[in-house]
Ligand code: TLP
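The chain that follows stands alone, in the form predicted on its own, written as structure tokens.
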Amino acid sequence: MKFIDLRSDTVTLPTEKMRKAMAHAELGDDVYGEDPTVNRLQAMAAERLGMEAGLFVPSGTMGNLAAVLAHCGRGDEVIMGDCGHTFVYEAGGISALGGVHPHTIPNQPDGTLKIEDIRHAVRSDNEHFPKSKLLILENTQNKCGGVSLSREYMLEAANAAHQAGLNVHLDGARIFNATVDQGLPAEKLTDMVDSVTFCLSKGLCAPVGSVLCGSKEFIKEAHRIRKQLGGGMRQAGVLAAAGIVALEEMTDRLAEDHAHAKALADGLKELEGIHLDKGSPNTNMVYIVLDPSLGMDAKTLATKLRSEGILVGMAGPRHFRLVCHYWIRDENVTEIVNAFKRALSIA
């Protein structure tokens, strides 16, 4: 059976042009800094985000970890949202591997952190406290529904952190979804931060990789940390080639994914017992919750949908996250809504 996969935009496969670019990529040893394709990708990424330099890493998690370890020493503290990817989904790496202490504050429903919460979270200079060194923001904010944070908010939050002597790292895994949503060039959502990671392997369709960007001095330190983490790759241009195609061709078309998410939300909200959740739709994500009156939990419905050829991501006992991406077509939206109808009608 051929499935329509809504579990994540990480399930995207490389395009035919990416496969050809990978097959014909000019290669060298990246640990020596001699892979021309990796070097080109890093330079392209940095330029797109208005930064001095970039570093190709295997994953967004490694990119965020390397960023934190480059900004902070053992015993330092990072302020972040309690729904932030680094806090929730990265296996406690900053603590386990870096001895860095997380200080979480509440994410608001719109994905932001209250400015007063950021200011209050910064420690005073006291021997009993860890040193506050870094603020992490996330744009788009995944667990808050895929919402994008505005330039105005990003400027305000970064300014509050910088005034307190903190650096700012942006987990921009889906930063291009945010820029498309807001109609801004990417650098307008990154020029206020000190470092940023974005993923090539989510909605941009590349098979592997993320890029960490920042100042030349910062990237030099992050490069050393990437080596410590086991992330030194050799002829990595075979992967970076797909990332170049992603930056050249896949960022602007994310508007199609956003349109499909809106159409999907419009269709699902008409079904009895399904409610949109977390302000959906936001960018390429639709969060839904099942009404208790249906007498059906998420696991049961997911099993029924699978038999209909639809794969969905469970986000709670009665909750789902549905993510649109390059491989979801116009006609698939109707197929998905009809599959939900059939699955919900089966007692």
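As the structure is a prediction and not an experimental result, all values here were calculated from the model. Start at 1 with the first residue shown and count on from there.
Form predicted in complex with the ligand: not shown, discussed below.
Checked against the ligand in the predicted bound form, the candidates 318, 321, 278, 48 yield a single residue with a heavy atom inside 4.5 Å, and that residue is 321.
Listed residues 226, 71, 202, 260 were compared with the ligand in the predicted bound form; 202 is the one with a heavy atom within 4.5 Å. Although the ligand is omitted here, in the predicted bound form none of 133, 194 and 215 has a heavy atom within 4.5 Å of it. Comment: 56 to 64 is the region of 56 to 64, 35 to 43, 291 to 299, 305 to 313 lying near the ligand in the predicted bound form, near meaning a non-hydrogen atom within 4.5 Å. Using a 4.5 angstroms threshold between heavy atoms, residue 89 counts as touching the ligand in the predicted bound form. Using a 4.5 angstroms threshold between heavy atoms, residue 10 counts as touching the ligand in the predicted bound form.
Among heavy atoms of residue 169, none comes within 4.5 Å of the ligand in the predicted bound form. In the predicted bound form, at least one heavy atom of residue 85 sits within 4.5 Å of the ligand.
Contacts with the ligand in the predicted bound form, taken as any heavy atom within 4.5 Å, map within 162 to 176 to 171, 173, 174.
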